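Below sits a lone chain in structure tokens, taken as the form predicted alone.
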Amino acid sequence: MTSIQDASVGDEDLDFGYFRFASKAEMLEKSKSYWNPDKTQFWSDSGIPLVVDRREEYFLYDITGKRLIDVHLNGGTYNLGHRNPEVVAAIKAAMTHFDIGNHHFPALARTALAEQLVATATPGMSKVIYGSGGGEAIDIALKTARNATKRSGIVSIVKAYHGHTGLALQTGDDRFSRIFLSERSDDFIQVPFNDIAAMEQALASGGVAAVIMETIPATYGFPLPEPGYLEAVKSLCDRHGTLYIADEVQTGLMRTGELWGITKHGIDPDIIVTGKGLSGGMYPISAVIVNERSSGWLGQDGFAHMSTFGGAEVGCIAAMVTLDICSRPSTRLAVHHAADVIGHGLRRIQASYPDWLTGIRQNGLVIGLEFNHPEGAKYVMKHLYANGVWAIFSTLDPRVLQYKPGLLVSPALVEELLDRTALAIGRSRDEAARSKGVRS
């Protein structure tokens, strides 16, 4: 019989103490029965029958023992690696004194983290509002902007993704709203990315509370903003009295080589949204950092938004340690070095397969690999998985593979990753060619 410690040794009799499955096959069938039949079947059909068991550093282990280098990181949730020892130790220590806390009252850890977030954010930020996940934080940001401006209009980008909650859903692609009969209302406007004329037209009405932008749109495949584009958007916002919300859920916390990706553009947004990696993947927490102009409702009616688990005190301790690690000069140096080596390595791979790997979109360790096939990233994903690497295709542009190495990835692992990537890209190209998928 396997145990929690050694369950990855075999596929049979998966006993984890609190629960047990007779085999991986049984677990997958029950996943379809009791959890999510379509998603479970999709991964099996895609050649990714992954059931994550042990996880450590930048490695995932399937329940059968298969090891994978994780360059998906669940959207950056595991920037610091899985179960980072410093974060784990902090949570263990915190649980001797703290729990979730009570969201109605001033709280020790919540206040300490808020002060730290304000200190490390862009200039002008003054207060923090907490959520338990990114979608909730986006909803908070949009409500905050509407209160501050007394306007209801929201502008986002075509093919945007900001989460699946109520207001966040309205800002994103209609794939995720139609199924729930939640089509975009007239208050929500979308414009193409990198189209400043369309943005200017959208703001000209004067009724827009906020423009919400991922600094680099993740689910759309990491298209990079053209030089001057984000700066021009901020200038338009200032001219029209509109707030600029920087969604830094995936681009923040040193992924681009700076703590907040937006600072590379010299922009001081009105609102920053952070989540995913904020607790090192160990506790649900997200945060909305606002400037004084945006913070009015907190003084007007502090009960206007409540979140039972938002700013849970144990999560705040995890976030404080995570923020400290991400802010260290040694972490910044590691990101810049890894980004340089990986960028050069990917360009070498591209030189071997220029008709297949047609584009490399990179800002620090935010990387999108573009392939010459409408679903090219799915081919590459499958072959990477077979060759011991986990990366995911971009949901709203499956030509592009999301490729996100961790902030603290070692030089040795970088070299192994590039070797495995080169092999997988070659094999995926061959498979696509056999199926007549590569376009000239």
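The structure presented is a predicted model; accordingly, all values stated were derived computationally and were not measured. We number the residues from 1 along the sequence you see.
The same protein also exists as the form predicted together with a small molecule; that form is not shown, yet it is the one meant from here on.
- Residues placing heavy atoms within 4.5 Å of the small molecule in the predicted complex fall in a single listed stretch, namely 159 to 167, out of 159 to 167, 235 to 243, 342 to 350, 321 to 329.
- Of the listed positions (G135, G257, G81, G153), a single one reaches within 4.5 angstroms of the small molecule by any non-hydrogen atom in the predicted complex, namely G135.
- Taking non-hydrogen atoms only, D270 never approaches the small molecule to within 4.5 angstroms in the predicted complex.
- Residue contact check for E214: one or more of its heavy atoms lie within 4.5 Å of the small molecule in the predicted complex.
- In the predicted complex, none of the heavy atoms of V290 sits within 4.5 Å of a heavy atom of the small molecule.
- In the predicted complex, the small molecule sits beyond 4.5 Å of every heavy atom of L253.
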